[in-house]
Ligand code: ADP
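There is one chain below, alone, in structure tokens, taken in the form predicted on its own.
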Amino acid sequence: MEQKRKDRTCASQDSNSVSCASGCATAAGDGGNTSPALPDNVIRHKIMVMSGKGGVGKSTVAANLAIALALEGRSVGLLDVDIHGPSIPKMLHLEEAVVQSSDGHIQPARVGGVKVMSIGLLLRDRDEAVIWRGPLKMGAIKQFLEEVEWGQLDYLIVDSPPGTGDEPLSVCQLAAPLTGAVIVTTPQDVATADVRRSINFCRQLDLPVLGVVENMSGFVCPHCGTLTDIFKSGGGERMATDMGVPFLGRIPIDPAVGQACDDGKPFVYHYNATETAKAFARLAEPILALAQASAPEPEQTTTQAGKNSTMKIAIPVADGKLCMHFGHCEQFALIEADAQSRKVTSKQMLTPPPHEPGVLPKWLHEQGANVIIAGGMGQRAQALFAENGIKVVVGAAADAPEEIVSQYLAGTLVSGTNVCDH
């Protein structure tokens, strides 16, 4: 996102229409059309993150949940429908992102493999107040669902504002049927009392409650590991039990969360070794369990006997030789070989997309790769390649890609220590 934002004409002062840099326009009367705006076959799971109380970290949970799902190799979108207080662009360092349109569709911003849309991406001024009534807000949400080029997604995470008003109601109507809602609270009684209303909102609209997250639940000292319950603890879990809904877990306070949000760095990625990041990752586990389908198989050609014949081997390259860390390479050599004759048949040099969490495994799968040979690769990245049907070989020496592939096909490739096992 190197480009600066151009002049944006999302005229919040106009009480009759919504217009933005992409050229969209919605009359206020359009808010009365509540027919679903998304076909079921485009997005497999639509999940709303909500809370009856402000200030509980709902947007932080939504953003980190989306990134955590993308880190697991899933196709993810993040829709911020907080019209009056959009915070997702700041949290993901998208304040200067340029939103464009193509063939009548709005192109979402992208970060960490996640497609992102928010009214905050369309405002002329980040301090501009959006002063809209319900029909305009519903019209804007309808545009975000219908006109944004979401593509095929495994998950669309919807970050809604506090309460049970226009925005969550519009999402329930326009994105129906939703898979469910994740409810965020803090441990205090004043928060859980309001969150109960969110659960009852879901029940009245037949929206499944996937579970309750107790955020800011204790403080883990980074020096000694002692847990201190600053704001009490267990209130969210007790409330979930009383209301008969699942409890998804506690997320402890970590000062780095606030710093990461201010810096626009996804906490679950940049601070993955912390207890709080691990709690965010555990939050994603029941969401991942919603998708029972296995990872897609890599594209291959077959012989008449039905046996795999073609291999596509990816080699990260820098200065003409294997790059010792796949994420720092300039290009990928994608070498095609016949598995039976063990001969190289073609070679392509491809420039990869920017190295962000979960992007390269999916991109190489789309190129048809079924093997990657690298000098070093972290355990998480290896798991993502495996989920995308790509075999990983690490510890190879810095040599010309054709020589490495020839040795691999001949069974003589010598692999040493994985130089990047974090």
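From 1 onward, residues are counted along the sequence shown. Source: prediction; values computed, not measured.
Just so you know, the form predicted in complex with adenosine-5'-diphosphate exists too; it's not on screen, but the next bit is about it.
K.L.:
Does any part of N215 reach within 4.5 Å of adenosine-5'-diphosphate in the model of the complex? Heavy atoms only, please.
P.N.:
Output for N215 is yes: heavy atoms within 4.5 Å of adenosine-5'-diphosphate.
K.L.:
Is P246 near adenosine-5'-diphosphate? Define near as a heavy atom within 4.5 Å, in the model of the complex.
P.N.:
No, P246 stays farther than 4.5 Å from adenosine-5'-diphosphate in the model of the complex.
K.L.:
Can any non-hydrogen atom of E72 be found within 4.5 angstroms of adenosine-5'-diphosphate in the model of the complex?
P.N.:
Contact check for E72: no, nothing within 4.5 Å of adenosine-5'-diphosphate in the model of the complex.
K.L.:
Just checking whether V257 would be counted as a contact of adenosine-5'-diphosphate in the model of the complex - the rule being heavy atoms within 4.5 angstroms.
P.N.:
The answer is yes: V257 has a heavy atom within 4.5 Å of adenosine-5'-diphosphate.
K.L.:
Please identify, from 199 to 207, 163 to 171, 258 to 266, 340 to 348, the stretch that has a heavy atom within 4.5 Å of adenosine-5'-diphosphate in the model of the complex.
P.N.:
Careful reading of the contacts points to 258 to 266.
K.L.:
Pick from L360, V56, I390, I373: which residue has any heavy atom within 4.5 angstroms of adenosine-5'-diphosphate in the model of the complex?
P.N.:
Filtering the options by heavy-atom distance leaves V56.
K.L.:
Just to be sure I understand the contacts: of V158, L136, C329, M91, which is the one whose heavy atoms reach within 4.5 angstroms of adenosine-5'-diphosphate in the model of the complex?
P.N.:
For this set of options, the contacting one is M91.
K.L.:
Between 65 to 87 and adenosine-5'-diphosphate in the model of the complex, list the residues on our side with a heavy atom within 4.5 Å.
P.N.:
Going through 65 to 87 in order - heavy atoms within 4.5 Å of adenosine-5'-diphosphate in the model of the complex - there is one hit, S87.
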